[in-house]
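Next up: just one chain, as structure tokens, the form predicted on its own.
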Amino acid sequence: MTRLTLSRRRFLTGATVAATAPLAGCFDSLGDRQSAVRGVLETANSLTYRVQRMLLSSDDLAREYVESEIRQPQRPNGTTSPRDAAYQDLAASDFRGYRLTIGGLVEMPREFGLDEIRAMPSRTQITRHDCVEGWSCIAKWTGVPLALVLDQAKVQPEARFVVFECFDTMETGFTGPIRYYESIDLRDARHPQTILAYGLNGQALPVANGAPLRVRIERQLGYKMAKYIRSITLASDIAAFGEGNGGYWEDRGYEWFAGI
């Protein structure tokens, strides 16, 4: 008899994709906040989070690879060239005027230019990007550990979440532009492999892959790794951001905790 082996990472990836796969046919029902479909998915999301947190200890690392295993350029996910005027102006000047703001529940709100961020202690890691669409890609990422940036702003004790607000407008709603955003808890924010990446495969991060900064959260699916980051906000609750579900795609039915 052939022995079946299933790694924890493969199991969690399969479970997450299975949970999100039906969403394409469910958006009409998901638009109704009181719908039975949405209620079932929200219950499943809560269960997924609790189960995966039990399986993933705070210090577990995603697998890292060697350079010979990088066999293709990193495939971009999501937006590849934001049309927002503020972003285009920054890109035209090679992001010389870029400022990352850190605010919310911090004792010392901060701003950092890209040169300041690049001067901070860095981490380089070769990891696999897993997309909810089913593809994966191995690449080398360089950036500053998010924990170091948060420490400089002195996070207040009541903060529980880190919210990434981005430059790219995804659509226009009744109240104006709807921009991409994402959030993670502080446990993932302080994970050693969670970095604000400014380098890809030994070069400056390209626009298509999220320049000037994107977050890498190596134990979660690709849509959690926000690109084109313009600000980071520390919060005790995510209800005040977007539609209150923790991210652009989460507001459209995807699960908030996409651990793999």
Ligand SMILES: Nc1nc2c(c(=O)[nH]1)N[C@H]1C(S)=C(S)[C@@H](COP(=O)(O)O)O[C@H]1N2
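For every residue, the number given is its place in the sequence shown, counted from 1. This structure is a prediction, so every number in the text was calculated from the model and none was measured.
Keep in mind that the form predicted together with the ligand is not shown, yet the notes after this line are about it.
Out of the listed residues 140, 110, 129, 190, 129 is the one that sits within 4.5 Å of the ligand in the predicted bound form by at least one heavy atom. Checking 100, 144, 150, 170 against the ligand in the predicted bound form, a heavy atom within 4.5 Å turns up for just one residue: 170. In the predicted bound form, the ligand stays beyond 4.5 Å of every heavy atom belonging to residue 162. Within this chain, residue 223 lines the site of the ligand in the predicted bound form, having a heavy atom no more than 4.5 Å away. Interface residue remark: residue 62 is not counted as part of the site for the ligand in the predicted bound form, having no heavy atom within 4.5 Å.
Not displayed here, the ligand is kept clear of residue 201 by more than 4.5 Å at the level of heavy atoms in the predicted bound form. Residue heavy atoms within 4.5 Å of the ligand in the predicted bound form occur in exactly one stretch of 191-199, 231-239, 214-222, 64-72, and that stretch is 214-222. Along 59-89, a non-hydrogen atom within 4.5 Å of the ligand in the predicted bound form is carried by 74, 75, 76, 77, 78, 79, in order along the sequence.
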